[in-house]
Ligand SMILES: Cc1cc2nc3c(=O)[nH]c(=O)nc-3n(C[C@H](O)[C@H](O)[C@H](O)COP(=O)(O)OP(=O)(O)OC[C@H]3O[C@@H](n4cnc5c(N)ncnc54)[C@H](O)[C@@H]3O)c2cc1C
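In the form predicted alone, a lone chain appears below as structure tokens.
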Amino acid sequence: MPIEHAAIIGAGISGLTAALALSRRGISSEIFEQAGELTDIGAGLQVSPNASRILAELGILEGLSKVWLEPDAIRLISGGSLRQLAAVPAGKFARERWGAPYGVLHRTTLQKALLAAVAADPLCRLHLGVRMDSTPPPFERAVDVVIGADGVWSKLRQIVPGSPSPRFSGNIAYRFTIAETEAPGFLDRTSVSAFLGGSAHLVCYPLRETGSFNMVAITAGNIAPQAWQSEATAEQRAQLRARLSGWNTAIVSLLDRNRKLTFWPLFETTSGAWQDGRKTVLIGDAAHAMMPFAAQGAAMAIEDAYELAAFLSNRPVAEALARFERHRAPRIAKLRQRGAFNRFAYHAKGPIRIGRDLVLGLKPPLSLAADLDWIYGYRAVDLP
């Protein structure tokens, strides 16, 4: 018989989306979050059509559309010459080709929209300040399924035999923002721009809600044990500058001028089981944290949450969890491969870089868009 009540561990994007998706199918849930309050964290976020159509189905998209930016294009640009190499059309084109919008916004904006919807939903109840360990917290009522949506450092993961493990990816993200009024002219106010160079790339796009540009430089790098997000030290800044050797001085000067630069080691998970064959399942980063080279981390969390609810709505729990994992795992694996390819292409050097630029220059925009159809055109289970 279909389940009646779920426990969700974690009140991030995947957990809140799961609660709303379950409620849509008449299933109540309790959400347990370790933090005492949900503060403004994170940075910019790209929401591609495969995720935005789910947000539309859950009644979230209309509010987001009033504050986010739908970029005209996703542009690939030389970090040395500032010459555009290629561009994938977005904006109106995205709505027409993939049936849903492509938007950029601050992560907090999405989290607050999801939180407001959960707070207004009588089938959802949020508990803050609940300490997490290797066992689920005490539940107010009997639960049929326990959903681990507690991120790359998931504690619930420990009770799933053979589950993934977190590991440092070998990549560092350096994050900062620039007020739009102070941003140089080469930063496009209407698009997502990815500047490519040997050993690094820099992604930039405007955040309408904050009147600023979100800037993220990603490079290879090393970390001390247990390192996590922190303000970049002088040594870490020097390491980034070395990675940008040969880049256009206009870009390098942005980093030199910016006083607040966040050093963010990127962690991923190994492969492993997402569910225990009984009543516990992992979603989002808890199951498959991946690198941002395909800009699909948040989208995969949203897809996971929505499709898990679909499977749980009409099958016994153990069968639903097994089917969910078999259904989702190939898509996640393919996206990991795409991310690895993008990293190779974005950070190419020497003859490989020259060849990359030639190939990109010969590809028309529609061909580049077609390469993304399997990602952006994806329709989650039970979406029309």
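Here the structure is a predicted model, which is why all the values come from computation and not from measurement. From 1 onward, residues are counted along the sequence shown.
Unshown form predicted together with this ligand; subsequent notes refer to it.
Put simply, I147 is far from this ligand in the model of the complex: not one heavy atom of it is within 4.5 Å.
Though the partner is left out of this view, K155 does reach within 4.5 Å of this ligand in the model of the complex, counting heavy atoms only. Residue contact with this ligand in the model of the complex: L22 places no heavy atom within 4.5 Å of it. This ligand in the model of the complex is approached by Q46, whose closest heavy atom lies within 4.5 angstroms of it. Exactly one of the stretches 117-125, 163-171, 83-91, 291-299 approaches this ligand in the model of the complex with heavy atoms within 4.5 Å, and it is 291-299. For the candidate spot formed by E57, W98 and R331, no residue has a non-hydrogen atom within 4.5 angstroms of this ligand in the model of the complex.
Only one of the listed residues (E33, E70, E30, D357) places a non-hydrogen atom within 4.5 angstroms of this ligand in the model of the complex, and that residue is E33. Site annotation in the model of the complex: the residue of K279, R208, R237, R107 reaching within 4.5 Å of this ligand with a heavy atom is R107.
Residues of 309-331 include none with a non-hydrogen atom no more than 4.5 angstroms from this ligand in the model of the complex.
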